[in-house]
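Taking the form predicted on its own, here's one chain by itself in structure tokens.
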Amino acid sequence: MTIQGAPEGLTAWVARGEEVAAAEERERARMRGMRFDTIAVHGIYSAEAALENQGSIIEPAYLSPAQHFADSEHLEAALGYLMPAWGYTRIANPTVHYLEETLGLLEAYGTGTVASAAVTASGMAAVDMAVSPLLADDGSGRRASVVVGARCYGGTFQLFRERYARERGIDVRWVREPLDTAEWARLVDGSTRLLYGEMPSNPSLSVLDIPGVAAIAHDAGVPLIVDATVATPALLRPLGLGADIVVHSVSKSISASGLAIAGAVVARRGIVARTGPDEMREDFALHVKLLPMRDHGPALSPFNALMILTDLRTLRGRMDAWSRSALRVARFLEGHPAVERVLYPGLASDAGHAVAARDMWLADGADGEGEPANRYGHLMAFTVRGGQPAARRVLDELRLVRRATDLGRVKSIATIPAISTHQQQGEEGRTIAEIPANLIRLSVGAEHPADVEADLAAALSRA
């Protein structure tokens, strides 16, 4: 590439950047031919990249906040986004880059799509970075609206209700039954900028018909954003079902050790949108990374990126094992007399089971060779007979299962959403989201399921 009137040195740096970008694209193409587990282990950190990093077989942690440049032309080319570089960790970082590339490959795995990713300092930062660029002023003077599945994480509910609706005047329209595509369609009109839902949702494990809702979004010329935190790309890849953008709280199942907080925005190339520049539609994640994230500053620590890469390598096997344990525990709870109802898409009695069985499949199958295997994740919820006082007694009696607001951990964790993760949205908000006071959310970890069941049985005896 020759830049008209540019110094010879600048043009040389741009050409060198094109060579680096081409080499990375060749590695991406090569890795797209690999299995899920191989991608999770290697990403695009090739043998050649290892030799360039003192032979380190594991991605190095680049903890320096800034990059040194060879000369002024190198500096100008890098900071002008004319060549691949990292410059400053608030914008980019090599360790963070390896995580982004791996997540992009995994989210697109087996879907026939090409995706890119931008990682953030938390899951909530990822939601905001996915949504905010689509709410930009379009000059029409018309109030923008968004259509959102009400059965969502409490922080997400607050973001839409408080930060977007109350503070910015966005018309937030809640879908009370996310599985009802007709309800989504009724709320979409010419002011709508995006549709947003969780699959499965936290904490009610509601299921979203991604192809059906994506069709509604695309008919209106707007993107569908899906939060797939609970499923992870090991069990669900929404881009292959029609979604445009996927968000994750990487802090959860992907980072199972619990040593790092992070989020991710993963987008297909060429999303539909009513606002924004063509460059945003062509590569949404890259646009978010280089512009909105640069200015808002929700950068991920490179050390946290390295912790997450370490956890990510075993994602498929973990989600397989934990899903099987969770199904066993869900069946145990379903038969317990102190339990009113169990919410878990893997149960035949669950309202979303048919859609979940259609769309949630373990990547490469249980044997790793492609034999299809449904897996429904590690998260479930159940209501306790006797109302919230009984639910509190059960929670307080747990000894093996930890009481915390976390999920997706190697250790099993439980909480009462009405007094923790969804407390701030108030009674009215919890009614909209259908979160009763006696609901306990349970994340099943790596313990033997019989021991989890015994702990639950002992606690439920006090209900």
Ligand SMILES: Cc1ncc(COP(=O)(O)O)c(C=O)c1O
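Residues carry their position along the shown sequence, with the first being 1. A quick note: this is a predicted structure, and the numbers were derived from the prediction, not measured.
There is another form of the same protein, the form predicted in complex with the ligand; it is not shown, and what comes next is about it.
- Here the chain stands by itself, but in the model of the complex one stretch of 283 to 291, 120 to 128, 350 to 358, 82 to 90, 120 to 128, has heavy atoms within 4.5 Å of the ligand.
- Although the partner is absent here, residue 407 sits close enough that one of its heavy atoms falls within 4.5 Å of the ligand in the model of the complex.
- Proximity of residue 202 to the ligand in the model of the complex: non-hydrogen atoms within 4.5 Å are present.
- Using a 4.5 Å cutoff between non-hydrogen atoms, residue 232 does not count as a contact of the ligand in the model of the complex.
- Although the partner is absent from this view, residue 261 contacts the ligand in the model of the complex, with a non-hydrogen atom inside 4.5 angstroms.
- Of the residues given (206, 323, 116, 251), 251 alone sits with a heavy atom within 4.5 Å of the ligand in the model of the complex.
- For the options 100, 227, 244, 107, the one in contact with the ligand in the model of the complex, meaning a heavy atom within 4.5 Å, is 227.
- Heavy atoms closer than or equal to 4.5 Å to the ligand in the model of the complex belong, across 129 to 167, to the residues 153, 156, ordered by sequence position.
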